[in-house]
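To begin, one chain is listed below as structure tokens, in the form predicted alone.
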């Protein structure tokens, strides 16, 4: 591992840009390669083995660029492939997982609601995570699969999204909950709209900052001195930065509302 080697970040689409956004704040001098498998998004509704093959192919592409670490900035991809990836590569591979533990510990008197993709909620890895920390059986789940494609299409229409969220939450008594976990990196784009219908006393938690801190710890003394920068790829092809930077600028507009678990 050399200090000036880049760090790879991978997602099925643009959700991982929310992780890159945190990484650029915490480790601004690093070089990054961001790979979006937008041609095959979304992953959350695909069969597990198909997703696994897509992830393995994407990581092979990123690894070929001599990276010093890779962040699998996608909960779905992490759930189906992270163990296999760690067996194959000798550099650090950091995965994502829903921030269930801090949510459970935040207020044991109330329940926890996890928003995630359909495939994440089906996976044994997720249920093992919940089983380890949910000793009082207070964790519930809700798939919000459609938010992935809203984000991919840069569709943040307030009326449309709030109507969708209200419909999905119509049978849930929010007063029973102390925390909501955003178990998909795409969902962070909708945080400000969620705050309009989720009572302010309910914490909205994601794992992005904790993931970036984990990356920093894994790199140890191999942090780059700069200059940094980001190269963007979309399903193996170089993509104009403006396509991705549009999302990063949008995240900047949400800064006043953002809060992540550390």
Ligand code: DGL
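Every value quoted in this text rests on a predicted model; they were computed, and no experiment measured them. Numbering follows the first chain given and starts at 1.
One more form of this protein, predicted in complex with the named molecule, exists but is not displayed; see below.
Using a 4.5 angstroms limit between non-hydrogen atoms, residue 145 touches the named molecule in the predicted bound form.
Contact check for residue 112: every heavy atom lies farther than 4.5 Å from the named molecule in the predicted bound form.
Heavy atoms of residue 207 never reach within 4.5 Å of the named molecule in the predicted bound form, leaving it off the interface. The stretch that touches the named molecule in the predicted bound form, counting heavy atoms within 4.5 Å, is 145-153, out of 170-178, 145-153, 121-129, 83-91. Of the residues in 164-195, those that come within 4.5 Å of the named molecule in the predicted bound form through at least one heavy atom are, in sequence order, 183, 184, 185, 186.
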